[in-house]
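Next up: just one chain, as structure tokens, the form predicted alone.
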């Protein structure tokens, strides 16, 4: 079973302060590596090229899945606090910006529609937006269903350059930075403000949990309100383009609340120097991707992040990889979120962490 709440909260406080600790902060996600497959209620949406409308996503149908996932998390020894988010399989930001949402056999995706940047509005009216209304229906119903047992956090929201790529298609989006830079800036700005306003309204609708809030998907408790983002499509840019066009927008998002997290894949590590300079950003999350660099190869980069920010490593790691992290990095400001197939698979990994850890 998980440790006592007070112990878990204290470990989180030490994490945020880079304080001395006996081991890193650790947590588990039980189930599929792919979030959409953790929800039985979503399987009817996974039909090739089927268009998905807000009315097709019935919040009540998902509550049994949320309850099951919460109870599984309580069976595992860990420090993190399970967080419910509006169904992560939906690309919410892209939907709010007008993209058609379609199913596939293994995912739900957004179809680009913006053939002319001039057609994009100067503002997204969330009060009249059916996908935003569905999002907030999830938030409000999950708060009711939680009854104070778990936090209701933000799901995956893709950042400004990701939203541009969804609206225009990846090839066209890259060319936009060269061909129509000012129009591109306008679209990126509207996307950014839509992101920020959505999270502001989300945070205003959720109560504190254990005296604080939580970063959704990664299950990190925070003393105050939080926001997180990712820019996977930054891999299409060069460092100069990222700094000129995207860095100010990501800085704006990260500075919305006191706590913030930025998700990175190894393919986008070239923006890391910029993120380390982003003062409002509190934690950098880096995936251990299937087929990506090994943990051994990543250790120097991970150590550099830890010297300047909190670090969260996420992925489906084996015991040897976990041991490399525990032995190769300081536990101060370090968190490890492991995806495992079952409750039983978590125990041996936790034992590796306990047995290999050295206080720092």
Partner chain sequence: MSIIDQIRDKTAVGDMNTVAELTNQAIADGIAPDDIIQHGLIEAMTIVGDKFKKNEIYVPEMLIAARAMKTALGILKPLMVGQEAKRLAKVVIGTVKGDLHDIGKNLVSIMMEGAGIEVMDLGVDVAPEKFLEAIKAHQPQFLAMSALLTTTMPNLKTTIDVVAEAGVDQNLKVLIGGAPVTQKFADEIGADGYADNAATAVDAIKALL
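Numbering follows the first chain given and starts at 1. Small disclaimer: the values here were computed from a predicted structure and weren't measured.
From this point on, the text means the form predicted together with the partner chain, which you will not see here.
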**Asked** Is residue 53 one of the residues lying within 4.5 Å of the partner chain in the predicted bound form, judged by heavy atom distances?
**Response** no
**Request:** Would you please decide whether residue 48 lies within 4.5 angstroms of the partner chain in the predicted bound form, comparing each non-hydrogen atom pair?
**Result:** yes
**Item:** Touches the partner chain in the predicted bound form: residue 237 (any heavy atom, 4.5 Å)
**Value:** yes
**Prompt:** Does at least one non-hydrogen atom of residue 170 fall within 4.5 angstroms of the partner chain in the predicted bound form?
**Reply:** yes
**Asked** Does the partner chain come within 4.5 Å of a heavy atom in each of 106, 179 and 290 in the predicted bound form?
**Response** yes
**Message:** Taking 4.5 angstroms as the heavy atom distance cut-off, pick the stretch from 326 to 334, 310 to 318, 57 to 65, 33 to 41 that is near the partner chain in the predicted bound form.
**Reply:** 33 to 41
**Item:** One residue of 276, 224, 175, 205 in contact with the partner chain, assessed in the predicted bound form (non-hydrogen atom, 4.5 angstroms)
**Value:** 175
**Request:** Name the residue from 241, 117, 196, 72 that puts a heavy atom within 4.5 Å of the partner chain in the predicted bound form.
**Result:** 241
